[in-house]
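In C-alpha cells, one chain follows: the form predicted alone.
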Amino acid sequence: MSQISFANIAITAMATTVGNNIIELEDEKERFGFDDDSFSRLQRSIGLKTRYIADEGVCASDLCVQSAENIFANSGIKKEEIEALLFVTQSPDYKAPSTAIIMQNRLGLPTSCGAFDINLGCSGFIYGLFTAFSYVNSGMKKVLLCVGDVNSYFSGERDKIFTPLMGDAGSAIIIEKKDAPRSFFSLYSDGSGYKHLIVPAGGARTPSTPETLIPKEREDGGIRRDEDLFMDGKEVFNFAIKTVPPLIKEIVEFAGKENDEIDYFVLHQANPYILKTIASRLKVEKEKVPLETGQIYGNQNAASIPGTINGFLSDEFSSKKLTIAIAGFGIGLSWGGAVIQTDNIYAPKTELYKKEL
C-alpha cells in the first residue's frame, strides 16, 4: 500500500481545451462497419453520443498551451511564478526532446523552470498531481501540471473497438503552496497486465517497419496497425471494477472521511458503464459520480478528471469549497486515487481549441 499525505498545498486553477471538431457517433456508423444491432447495443451499454477531435497536425501540447494561457490571462497567476512544468502524455510532439521543455519556451516561462514529460495515460492525472504536490512539498511555490492526449495519434482509423470511445483534450492545472487542509494520495501499479492496453510496435522493443504501419483486421473485429493502441476491453473492465472500488474506500478511509463527507467522486471517464458499476459497488449517490464526459467529449485519457470538472462542474468548483475523491486507472496497468479539498478555484468551462493559438 503506497500512501502519502501533504499539508498546505492546493490546486488553485484548472482549465481544459478540447478538439474543435465535434463528431457524431451516428455519422461514424458506416466507417466502423457497425450493423444496426451492434450499434444499438453500443449506445445502450455505453451511451456514446459525440466526441471532440482535433485537426490533423494539432498536438496535445497545443491543447495544453491554450489551457495554460487561459489560466495566466484570467486567474491572476503569473508566468514568472512557475518553478516547474510537468507534462503527462502518451502523444508527445517528438520522441525527443521532452515536449514540456518546448512548452516552457512557448508559454514564456522562466528558464529557471524545470520541465519534463511523464509517459502515462488514464492514471496520469493522479500520478502527475502527486508529483506536483511532491515538488511543492520539497520547497517550490507554484507548479504547472499539464495533462492530455490527441488520441488519434495512436487510434486506428477503422478500429471500432477503441477509436469510437476516444476524444482529444488537454488540461492545465496550477498547484501551489497555500494554507490548505491535508491532501491524501494512494498509488498502485501492476505491470503483469501491460499487454491489455498497449501499442505493440514503434518503440525500441519492436521498432517501426513498413509492415507495422499496415492496417490489418484483428481477431476482435478491429482494423488497426501494429503501431495503434490495442485494448482488451474485457480485461480492462475487470481490472477497473476489481481495483477502483477498494482504492476509493481505502483513500477515503485514509483521509479520515466517510462517503457522505465527499462532495464528488470524480473518476477517470473510461465509459459510463464502468463508472455506474463502480458507483454501485461504492454505494454512493449517482449525483456524486459525474459520468457525462465520455458520452459528450469522448475518453480524454489523463485529461478526463480535470476535463470532467471544467466540462460539467465548473460553477461548483469556482464558487464553493469542495472535498473530492478522484481516481485514475488504466494503461500499465496503473491506478491511483486522492482526496483533496478545493476552495473557489479558477475553473472555467471547457473551451474549444482555437487554431490561431
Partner chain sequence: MNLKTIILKAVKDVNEQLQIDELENIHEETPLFELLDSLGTLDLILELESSLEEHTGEYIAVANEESMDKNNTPFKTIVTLENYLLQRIADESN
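Numbering follows the first chain given and starts at 1. Just so it is clear, the model here is predicted, and its values are computed rather than measured.
The discussion below concerns the form predicted in complex with the partner chain, not included here.
Proximity to the partner chain in the predicted bound form, taken as heavy atoms within 4.5 Å, picks out 271-279 from the listed stretches 99-107, 209-217, 271-279, 75-83.
Taking a 4.5 Å heavy atom cutoff to the partner chain in the predicted bound form, the contact residue among I46, I53, L291, L313 is I46. E235 is the sole member of E261, D190, E235, E285 with a non-hydrogen atom lying within 4.5 angstroms of the partner chain in the predicted bound form.
Within 4.5 Å of any heavy atom of the partner chain in the predicted bound form lies no heavy atom of S319.
Though the partner is left out of this view, V58 does not reach within 4.5 Å of the partner chain in the predicted bound form, counting heavy atoms only. Remark: S40 counts among the residues lining the partner chain in the predicted bound form, judged by a heavy atom distance of 4.5 Å or less. Though the partner is left out of this view, I241 does reach within 4.5 Å of the partner chain in the predicted bound form, counting heavy atoms only. For the stretch 150-164, the set of residues having any non-hydrogen atom within 4.5 angstroms of the partner chain in the predicted bound form is empty.
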